[in-house]
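Just one chain follows, in the form predicted alone, and it is written as structure tokens.
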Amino acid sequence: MFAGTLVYAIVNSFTLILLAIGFNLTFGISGVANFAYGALYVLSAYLSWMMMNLLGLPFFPSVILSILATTLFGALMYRLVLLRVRGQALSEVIATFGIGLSILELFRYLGFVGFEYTLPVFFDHSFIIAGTYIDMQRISIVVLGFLLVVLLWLFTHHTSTGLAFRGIAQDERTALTFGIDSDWIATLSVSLGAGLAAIAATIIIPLGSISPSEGYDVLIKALAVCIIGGLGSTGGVIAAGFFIGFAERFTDTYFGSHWTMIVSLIAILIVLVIKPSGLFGQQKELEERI
């Protein structure tokens, strides 16, 4: 039992990292808390489903087109809406939450609800690891999650655009003096965050089904990981993903599934009381602000 719980805890950890890394990237670079993140996750999954079932396209072209479309939607959302309210935190939250709510409730209104709305698995195979059966889709989640973290690190440390991302995140005014266009970088960060949400949906959704309510769940999980790890900190997201992922699976195994959500909430409360900026957050603590 312990070995099986450990294997699935690792899978759950990488699932949470995949769900949160796009939200964290957008906030870390542009400072925008994209509350439409869960809706973008669901949007990409529905787009893939519609391309396959209504247009008759093969799976992988449908997935690629849906990821590109979601990425473009993120860029348009910033240029048409968020650019006008940037710097006003409450307005950004209201605007993005309103956009996300509109997307999710539109799908619900159109009747996109039911177990028939799902995506196929990448590979229909299973393996035995430490005496535990695990399907290839879950192994793919671990592999893709690891690769995305590595690729994002390489992107932000070894490309001109990535270095511009880091410059804006560290000190926007100084970055502006070097000719970096903060609005363009913010557009890229929001669109890239949307694309990462689409990638996560592509590989996670096949384990279940697509539904509008999934958008709210994804947003809550992404927020939980980012709050515990520290908003804007990639290392914090990884650490928090493993912390919550292991805590959820071991709680589910030894105490019952009804305690799983409580573990995450208790972890958030403890972190907010002890270190409000998160485990690796860079925001000033209360005593430093007064």
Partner chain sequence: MLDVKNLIVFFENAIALNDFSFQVNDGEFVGVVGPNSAGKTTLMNTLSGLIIDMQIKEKRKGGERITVYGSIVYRGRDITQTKPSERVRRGIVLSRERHPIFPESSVLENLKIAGFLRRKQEIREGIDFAFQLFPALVALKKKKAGFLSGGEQQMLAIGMALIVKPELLLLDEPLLGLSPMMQNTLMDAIVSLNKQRGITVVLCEQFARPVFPVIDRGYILENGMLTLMGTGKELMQNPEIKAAYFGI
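Numbering follows the first chain given and starts at 1. Remember, it's a predicted structure, so these values are computed and weren't measured experimentally.
Separately, the form predicted together with its partner chain exists; it is not shown, and the next lines address it.
Exactly one listed residue, out of D171, E105, D217, E116, brings a non-hydrogen atom to within 4.5 Å of its partner chain in the predicted complex: D171. Only one of V150, L176, L76, A130 lies close to its partner chain in the predicted complex, with a heavy atom inside 4.5 Å, and it is L176. Using a 4.5 angstroms limit between non-hydrogen atoms, L110 is distant from its partner chain in the predicted complex. Its partner chain in the predicted complex is approached by G167, whose closest heavy atom lies within 4.5 angstroms of it. Taking the partner from elsewhere, S182 is found to have a heavy atom lying within 4.5 Å of its partner chain in the predicted complex.
Taking non-hydrogen atoms only, S126 never approaches its partner chain to within 4.5 angstroms in the predicted complex. In summary, the region of this chain contacting its partner chain in the predicted complex, judged by heavy atoms within 4.5 Å and restricted to 97-105, 141-149, 158-166, 201-209, corresponds to 158-166. Contact annotation for 242-268: no residue has a non-hydrogen atom within 4.5 angstroms of its partner chain in the predicted complex.
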